[in-house]
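There is one chain below, alone, in structure tokens, taken in the form predicted on its own.
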Amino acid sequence: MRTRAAAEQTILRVNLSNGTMRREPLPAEWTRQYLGARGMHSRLLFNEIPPHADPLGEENILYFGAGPLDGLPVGNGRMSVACKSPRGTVAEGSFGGFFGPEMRRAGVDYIALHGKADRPVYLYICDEHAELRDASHLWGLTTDQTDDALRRELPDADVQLRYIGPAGENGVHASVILGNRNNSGGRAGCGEVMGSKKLKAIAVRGTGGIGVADYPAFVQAYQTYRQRLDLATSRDAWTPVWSTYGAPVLARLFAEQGNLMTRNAQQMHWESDKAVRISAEAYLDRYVTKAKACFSCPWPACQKLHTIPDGEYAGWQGGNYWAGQPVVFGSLLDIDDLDFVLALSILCNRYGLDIFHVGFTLAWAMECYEKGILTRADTDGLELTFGCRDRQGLLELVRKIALRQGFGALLALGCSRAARQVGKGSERFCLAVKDQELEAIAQRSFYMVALGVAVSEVGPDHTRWYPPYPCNPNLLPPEELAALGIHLDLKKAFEGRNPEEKGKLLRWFSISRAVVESLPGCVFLVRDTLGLDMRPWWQMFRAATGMEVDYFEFLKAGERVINLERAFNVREGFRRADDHPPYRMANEDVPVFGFRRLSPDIFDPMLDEYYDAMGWSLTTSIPRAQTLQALGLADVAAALQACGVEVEA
């Protein structure tokens, strides 16, 4: 197998309906314009999925993609998965692990899965060879069982896998795609679409190499990048914290600040002793068995593997206890038993369920139960109260969600659809945007988070503007920030509950993170100044690909990505009215801490500022023709107009 150039990008098209396959190169100029991974997917989605296509029909296409820096150290094994969501929006998410580099070594940068198989199949790729294989024996297996079965069937330790569990097979809302047992992605709808196509898994093995155009320049740029992330040289106080503890370290901090959503965010105050019991420190002390990292990650301990050592769930194994689990299975449900929090998370991974869907939908159901909207007759006899005394019953309910059985069939619809079906005012308790459940970060105390969640084209996804707790902006002087294209008052922008400058800040974060996710790189690593100063990323891209791209043209790739994703949603009927926070966040103040609701006088000016900064219509959110033309996307404006969308000049 030959060594490939970093700039070379090839797509493998697989027709699941008839079993045919072909490889074709992607246009070279697309690497310059969209970089790769998420960026390339934004172009492919808009070009190739027909307007108003049935998300679960044959016209929808499921894409897996890497990018020009994957397989190189800075790629960190990140990759993107994308399709049209069953909610109608763009569905796109990223994974960590080793699958992306293995794809590139096999000579494949993107996989486009067309049509639908008439029986369960899995795709096997080994260098130039690719074939569909029967997966009837895998259908119905949990993700850990699938991993075990495929590794027995493909006895090569370097084979990399991506698969769905029973939740994806059964079309459960927000079901995810997993690999390496614990790396998940695609919660915006990709697991559902993969299941609808009867595709159980993809296995890939590559033996080729990946070259760079200018090796000395790449090494020099990479050394700058690593210096900013090294524990000994990073100027960011969070660098050693993230590397050692990972994201769950935020549980105790959020509890002290009033940022921990409690009892379905009716409250933001959770007792500090409860937060301590499910904290990162408690996790490290009792459960962690091994540190784990994605491909070439400079932080070897940001992932963890764990085992519950004793008790009712003794021997249960999992990985990746992030900031989400302490919220969605902790404070949100008022559960401070870390054994049980981990058991819920492990069970979700086994079944291919999204933890945010499960946590927020359970919290909605618990509030409905406590307020008399749901009764034991509805919940299969389960006393569904916050704190949940019937732990075994709650685990059984999670299984029922994955299998769409009994009361679980209602919750499998997701919080929004379940609330619409139940009615009786329960819609007010559903914490979702664009029919997608929230994540772990509070909104009424972090205004940019509220704005970022509301406008996200895929529904709530913090990676699109990560992080809400950025590094110290004083690491770069104002004149240097201006030279980098950052024209805003960072002091105001970084004040959590000051609405000023939030739209401009979100624009910068969104564009720059779209660049990182398109290279691809890991947005968890935008620490030190790497989230403000994009020059190291730019220099690594130029050295790897040999493309002489101007710095601001490089950043413009991120702007193209966001405009393409917005244009896709606009084409499918989404407008400004869809960019709003959940009812609770917009209409209820925070008890105890005194944070204000996101009322129109707070939220609307931030939304206007963001739209204006992006060059979109303030009334509709549709990108203006002038904006699209300046980005080289005049064809997108024409396509929208051909669909009857009114595009302002």
Partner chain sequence: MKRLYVIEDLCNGCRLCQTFCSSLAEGVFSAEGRIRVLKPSGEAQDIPILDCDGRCLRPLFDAQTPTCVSVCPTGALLYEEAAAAAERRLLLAEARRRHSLFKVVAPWKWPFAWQGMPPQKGETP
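Residue numbers count along the first chain shown, from 1. None of these values were measured; they are calculated from a predicted model.
The protein also exists as the form predicted together with the partner chain; that form is not presented, and the subsequent description refers to it.
I need the one stretch from 506-514, 69-77, 372-380, 122-130 whose residues put non-hydrogen atoms within 4.5 angstroms of the partner chain in the predicted complex. Only one stretch qualifies here: 69-77.
Within 4.5 Å, heavy atoms only: does Gly195 come near the partner chain in the predicted complex? Flag for Gly195 set to no.
Given that the partner is absent here, does Asp158 sit within 4.5 Å of the partner chain in the predicted complex, heavy atoms only? So Asp158 counts as contacting the partner chain.
Any non-hydrogen atom of Tyr215 within 4.5 angstroms of the partner chain in the predicted complex: Tyr215: yes, in contact with the partner chain in the predicted complex.
Looking in the predicted complex, any heavy atom of Lys292 within 4.5 Å of the partner chain? Because a heavy atom of Lys292 falls inside 4.5 Å of the partner chain in the predicted complex, the answer is yes.
Residues Tyr222, Ala232 and Trp299 are flagged as a possible site; in the predicted complex, is every one of them within 4.5 Å of the partner chain by some non-hydrogen atom? Verified in the predicted complex; spot residues all in contact, yes.
If the cut-off is 4.5 angstroms on heavy atoms, which of these, Arg226, Arg399, Arg263, Arg277, is the one near the partner chain in the predicted complex? Checking each option against the partner chain in the predicted complex, the one that comes within 4.5 Å is Arg226.
Identify which of Gly393, Gly171, Gly406, Pro240 has a heavy atom within 4.5 Å of the partner chain in the predicted complex; exactly one of them does. Partner contact (heavy atom, 4.5 Å) among the options: Pro240.
Within 4.5 Å of the partner chain in the predicted complex, counting any non-hydrogen atom, which residues from 235-256 show up? Contacting residues: Pro240, Thr244, Tyr245, Arg252.
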